[in-house]
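One chain comes next, on its own, written as structure tokens: the form predicted alone.
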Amino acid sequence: MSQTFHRSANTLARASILGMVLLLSAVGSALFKLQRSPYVTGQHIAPDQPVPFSHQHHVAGLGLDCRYCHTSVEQSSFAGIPPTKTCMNCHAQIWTNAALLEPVRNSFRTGESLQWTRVHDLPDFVYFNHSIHLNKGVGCESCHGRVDEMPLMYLENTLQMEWCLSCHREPEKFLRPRKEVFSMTYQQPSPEHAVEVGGTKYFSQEKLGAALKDMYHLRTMRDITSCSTCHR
């Protein structure tokens, strides 16, 4: 009986299978990178806002504390967006006729809130509590980046689950004294730079983080990486 397929068919079949595997791998890799790209996360992209508010000017230039505008951040799950009255505490006296601030003045006159675009906007299925993180020694800068260097606010970190878990698995790498959580210029301890807590000086983040974990009563790594901690 004559051979139905040419001998080269075996080679073509193997090449086809290998090509399909390579193609699927390439597509998977591309989708993996796309999911973590600024196109999806919005990372490092400043969205349009009704007023181009500069954290750099207000925080670094004027020295405003985060809590002046985000009043609920220490006691509540949300940081809070300041009402127009907070803006007008200053701008009723300075820049009173600036065209840039007309939306603020109009909001104050009419009582209609400014429609800010949220920069750090987690999905509805994710629970995040600002007060817990601050009271456990996690600084604003750890998540939001150096806002004192941002003329326009943008997303510094992806806020994706793998990024959150990197901290929840090893929180001691990021903890700082509570008095430093609002500092934008805080430096972790090093052999050349000590951080004092409770009368003890620490020269490494490893020792400081371990001490703060006990001092601030952090739950176990198993607890804070449990699905139910963030997905309720």
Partner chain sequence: MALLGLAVVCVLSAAGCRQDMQDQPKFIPLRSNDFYADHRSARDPLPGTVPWTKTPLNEDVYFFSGKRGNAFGNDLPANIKFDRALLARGQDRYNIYCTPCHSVVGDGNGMIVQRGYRRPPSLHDPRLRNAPLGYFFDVMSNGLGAMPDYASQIKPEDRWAITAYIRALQLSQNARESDMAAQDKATPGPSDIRMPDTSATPQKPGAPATMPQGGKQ
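For clarity, every value in this text was computed on a predicted model and none was experimentally measured. Positions refer to the first chain, counted from 1.
Absent from the display: the form predicted together with its partner chain. The rest refers to it.
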Contact segment among 54 to 62, 202 to 210, 165 to 173, 187 to 195, judged by heavy atoms lying within 4.5 Å of its partner chain in the predicted complex | 54 to 62
Is there a heavy atom of residue 99 lying 4.5 Å or less from a heavy atom of its partner chain in the predicted complex?
-> no
May I ask you to check whether residue 36 falls inside a 4.5 Å heavy atom distance of its partner chain in the predicted complex?
-> no
Consider residue 112 of the chain shown here, and say whether it contacts its partner chain in the predicted complex, taking contact as heavy atoms within 4.5 Å.
-> yes
Though only this chain appears here, would residue 45 touch its partner chain in the predicted complex if you measure heavy atom gaps against 4.5 Å?
-> no
Would its partner chain be touched by all three of 117, 138 and 144 in the predicted complex, meaning a heavy atom each within 4.5 Å?
-> no
Mind listing which residues of 130 to 146 have a heavy atom within 4.5 Å of its partner chain in the predicted complex?
-> none
